[in-house]
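This document starts with one chain, in the form predicted alone, laid out as structure tokens.
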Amino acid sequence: MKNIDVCLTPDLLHLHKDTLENSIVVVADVFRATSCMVTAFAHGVDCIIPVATIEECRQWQERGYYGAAERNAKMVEGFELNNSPFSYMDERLRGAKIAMTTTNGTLAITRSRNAVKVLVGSFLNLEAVARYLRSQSYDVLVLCAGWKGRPNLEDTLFAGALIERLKEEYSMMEDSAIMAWRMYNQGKNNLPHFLANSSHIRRLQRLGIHKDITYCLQHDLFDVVPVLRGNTLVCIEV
């Protein structure tokens, strides 16, 4: 039976180095990077280059890419796009190429490049990711982007939700997977309430981004799976 594990923050990814090269990594940054990426592809974006730094993003912007840059949940001055999924529903982005850097999510993606494959996951494409993984023969590691090296609740809940969808095909070998799965089942009937006092919810609410929170917690809106090929995310439909 295949195994599924959870890394609660990219700062712990080194503990999985022995299994990374034989696993598919699913990166989750629910609030809001991976939700933005899924939304962008669902609305016709051609590709997204995730980069770790603002400087790299600006270099791609200078080559004609749309630049999307966020730090501390706020848009960086001088770029066209922010970290709200609603920004990626714009018709002008259909067929566009985007370079993106965020506080946590793009860093998690760039750190995962030694994996067999790197997928982008969110609640918005949860079943699409699960369906794709059922067709694969590899173990899975869900990498939670967290917040500046610390675990967070929403990404851990996504990991638990994915495990819930895959529990007939995958074994949970480590406690982090069991923790995430049990936590999701505890809160799944009302995720907004379960997350009400979480640190990133409070951070976003101070910025008045209530609609982003509600949107990002919706399940199974899109049948798209972003996958990393080289340094570029492209979309596969499943």
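Quick note: we count residues from 1 along the sequence shown, nothing fancier. No experiment lies behind these values; they were computed from the predicted model shown.
Keep in mind that the form predicted together with a further copy of the same chain is not shown, yet the notes after this line are about it.
Chemist: Can you pick out, from K148, R131, R113, R94, the residue that has a heavy atom within 4.5 Å of a further copy of the same chain in the model of the complex?
Modeler: By the 4.5 Å heavy-atom cutoff, the listed residue in contact is K148.
Chemist: Just one of 35 to 43, 22 to 30, 61 to 69, 179 to 187 has residues with a heavy atom within 4.5 Å of a further copy of the same chain in the model of the complex, so point it out.
Modeler: After filtering at 4.5 Å, what remains is 179 to 187.
Chemist: Hey, in the model of the complex, does Q205 get a heavy atom within 4.5 angstroms of a further copy of the same chain?
Modeler: Close contact is absent here: in the model of the complex, Q205 is far from a further copy of the same chain, nothing within 4.5 Å, heavy atoms only.
Chemist: Considering non-hydrogen atoms and a 4.5 Å limit, does a further copy of the same chain approach F194 in the model of the complex?
Modeler: Yes, F194 lies within 4.5 Å of a further copy of the same chain in the model of the complex.
Chemist: Check whether V224 has any heavy atom within 4.5 Å of a heavy atom of a further copy of the same chain in the model of the complex, and answer yes or no.
Modeler: V224: no, not in contact with a further copy of the same chain in the model of the complex.
Chemist: Using 4.5 Å between non-hydrogen atoms, is L8 touching a further copy of the same chain in the model of the complex?
Modeler: Heavy-atom contact with a further copy of the same chain at 4.5 Å: present for L8.
Chemist: Run the contact test on H14, T156 and S199 with a 4.5 Å heavy atom cut-off to a further copy of the same chain in the model of the complex and return yes or no.
Modeler: Checked in the model of the complex: all three residues contact a further copy of the same chain.
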